[in-house]
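Only one chain is given next, in structure tokens, and it is the form predicted on its own.
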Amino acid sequence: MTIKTQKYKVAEHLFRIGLDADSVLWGRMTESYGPFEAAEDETACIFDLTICDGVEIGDAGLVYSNKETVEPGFIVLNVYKDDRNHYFEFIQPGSKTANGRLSISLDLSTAKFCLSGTEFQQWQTFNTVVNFCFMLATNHYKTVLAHSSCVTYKGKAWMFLGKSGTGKSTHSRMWLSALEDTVLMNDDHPVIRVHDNGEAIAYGSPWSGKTKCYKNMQAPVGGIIRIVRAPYNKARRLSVIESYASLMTSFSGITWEKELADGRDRTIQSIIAAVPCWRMECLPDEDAARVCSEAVTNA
């Protein structure tokens, strides 16, 4: 196997991916990862991820599994750990065997992975693997992936949270339709990074769910809004405690490792200190976009 490498930069974090030079994944990556390509002479990668023939879990102990609780249509995740590495095993919906295994060093800087299954299953698992490595390696840099749809309007990013099916993407579309100069940044996993000056910045990412929106762009976060279905349109600003409860269910992170969980918690607290959070009870109409935008931009 001849390994080809390419560097990428997301939320100003640099990382390197190494794949078989002949892998079909390179072609699939063009659209989503291409906008985030970085020059080879850039240094200080936060992690290196390289494909290999196999990842042996061996005697590593199981520390987490969602097998018994995962909802239909979602990935089954098994996590193991020994005195050298974390190990992740991914089983795609409809698959009876693992479609990917990942080992990443305890300092989160060096990772190897292997894939199996159909080409589509391998592509889905590859995206999950890169997403996981990014989430882990940026944990101590006040960086999180938000399960969110995100638009820019009036020079700021506005992020819409909510359970699957509650209308995050729909609300973004209403802003795009009703409010001039609104731009969709990302429709599934934008990144928030809190910088040393306390400012929270939203960034596009290569992970945008079913919507092909892979924009290498950034904007200060103006507000984070949880969308709730209702027969009326009403926006309410959340208290600090309410904000924490809203964000913790929609931000990526590892909860079974204390050090990683604490890093995520510190980041959430920093975001709440910098960004107002809202609850938007609404209908799926353009008036909801106008009510919401007027409330959050005039606060």
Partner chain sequence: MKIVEGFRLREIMGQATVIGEGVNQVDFNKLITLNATAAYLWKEVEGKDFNQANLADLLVKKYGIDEELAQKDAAAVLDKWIEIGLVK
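Positions refer to the first chain, counted from 1. None of the values given here were measured: they were computed from a predicted structure.
One more form of this protein should be noted, the form predicted in complex with the partner chain, which is absent from this view; the next part is about it.
Asker: With the cut-off set at 4.5 Å between non-hydrogen atoms, does Ala44 touch the partner chain in the predicted bound form?
Answerer: It does not: once the partner chain is placed as it appears in the predicted bound form, Ala44 has no heavy atom within 4.5 Å of it.
Asker: Just checking whether Thr50 would be counted as a contact of the partner chain in the predicted bound form - the rule being heavy atoms within 4.5 angstroms.
Answerer: Outside the cut-off, so no.
Asker: I'd like to check something about Ile57: if you look in the predicted bound form, is any of its heavy atoms closer than or equal to 4.5 Å to a heavy atom of the partner chain?
Answerer: Result no; Ile57 lies far from the partner chain in the predicted bound form.
Asker: May I ask you to check whether Ile272 falls inside a 4.5 Å heavy atom distance of the partner chain in the predicted bound form?
Answerer: Yes, Ile272 sits close enough to the partner chain in the predicted bound form that at least one of its heavy atoms falls within 4.5 Å.
Asker: For a quick check, can you give me the residues of 9-40 that have a heavy atom within 4.5 Å of the partner chain in the predicted bound form?
Answerer: Not one residue comes within 4.5 Å of the partner.
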